[in-house]
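There is one chain below, alone, in structure tokens, taken in the form predicted alone.
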């Protein structure tokens, strides 16, 4: 008699996967991205949706592994050479490629600095690579001494700047100290997914000076193309060549390449700048309005397209907003983020709706307490 399938799965499943808890993406937590009745402010997406054209003439052919139109356009945008760039299925694939290329399963480790983006740890665990942690300081700056203590113990150091979910940028002198400290032992991976909101903090211009840095970029945030799944890894040519050994044969579908190239055109970059300006303006208004609520404490900084805040009524407020069709993100499980919620900056109408519901919530709470 054949064994039950569940027993077979338990028998064959990799040991490092058995206890793995998958990343709780915005769409796993709340499905139905097409539900126009809901206000999606939980995934740091752009509130804008831009139009593009598609040519189906090449759909019968496999796409280029590294589409020249995309590589050349993004290299020009980032101010680097084409051989210093790799395009992948979102920056998430870039994270995994770096781990697969530079960490031996069951032997090597990576370093993360929580609170930070969860996929660094998930990708490492998936690849059976160890995870070391050097928590950020209370002000969310790097704990440089704690990081430096891991020299010789890790192959990759992941640093998110601007950081998700704190919205803080890493001090350049601190980051330089880390890069130089690991110059002969580890690659420092600087995640710049939100760099369009803090352009002066980019390390792209430093690529030629530091062979042990890799920079992650994406079209998902400021470029308003989260649904496209298109990201980039910037590094010196030897790093890029190593990643090319482990990337899939056809990672970028033809329609994705066409849209990415249009987004990176002169017209597309003008649109980018205009929309970033609107988001920054709305972010300032939203931040100012939130600060007026007595039970709200702004946390971190505003160098990305979201705002992090703390409230002792975190769960009740979250439930109220969800019931009202407004989805934000609970970050309270992260280190030093007790009772914290993160709000993606939406369009003016969405932000007004959000603030109206938050105001209604606190008014109801006050009325209940006084009754």
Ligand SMILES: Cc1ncc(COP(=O)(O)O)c(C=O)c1O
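Positions refer to the first chain, counted from 1. Since the structure is predicted, the reported quantities are computational estimates derived from the model, not experimental observations.
A second form of this protein, the form predicted together with the named molecule, is not displayed here; the remarks below concern that form.
**Student:** Using heavy atoms only and a 4.5 Å cut-off, determine which of 287, 151, 100, 229 is in contact with the named molecule in the predicted bound form.
**Tutor:** Going through each option in turn, the one that passes is 229.
**Student:** State the residue from 117, 197, 74, 182 whose non-hydrogen atoms include one within 4.5 Å of the named molecule in the predicted bound form.
**Tutor:** Selected residue: 117.
**Student:** Based on heavy atom distances of at most 4.5 Å to the named molecule in the predicted bound form, which listed stretch, 254 to 262, 86 to 94, 276 to 284, 291 to 299, is the contact stretch?
**Tutor:** Going by heavy atoms within 4.5 Å, the stretch is 86 to 94.
**Student:** Would residue 123 count as a contact of the named molecule in the predicted bound form, using a 4.5 angstroms cut-off between non-hydrogen atoms?
**Tutor:** No, residue 123 stays farther than 4.5 Å from the named molecule in the predicted bound form.
**Student:** So, residue 164 and the named molecule: in the predicted bound form, are they within 4.5 Å at any heavy atom pair?
**Tutor:** Answer yes; at least one heavy atom of residue 164 falls within 4.5 Å of the named molecule in the predicted bound form.
**Student:** Within 4.5 Å, heavy atoms only: does residue 178 come near the named molecule in the predicted bound form?
**Tutor:** So residue 178 does not count as contacting the named molecule.
**Student:** Hey, in the predicted bound form, is residue 220 touching the named molecule, heavy atoms inside 4.5 Å?
**Tutor:** Yes, residue 220 sits close enough to the named molecule in the predicted bound form that at least one of its heavy atoms falls within 4.5 Å.
**Student:** Would you mind checking 172 to 205 for residues with a heavy atom within 4.5 Å of the named molecule in the predicted bound form?
**Tutor:** Stretch hits, in order: 191, 193, 194.
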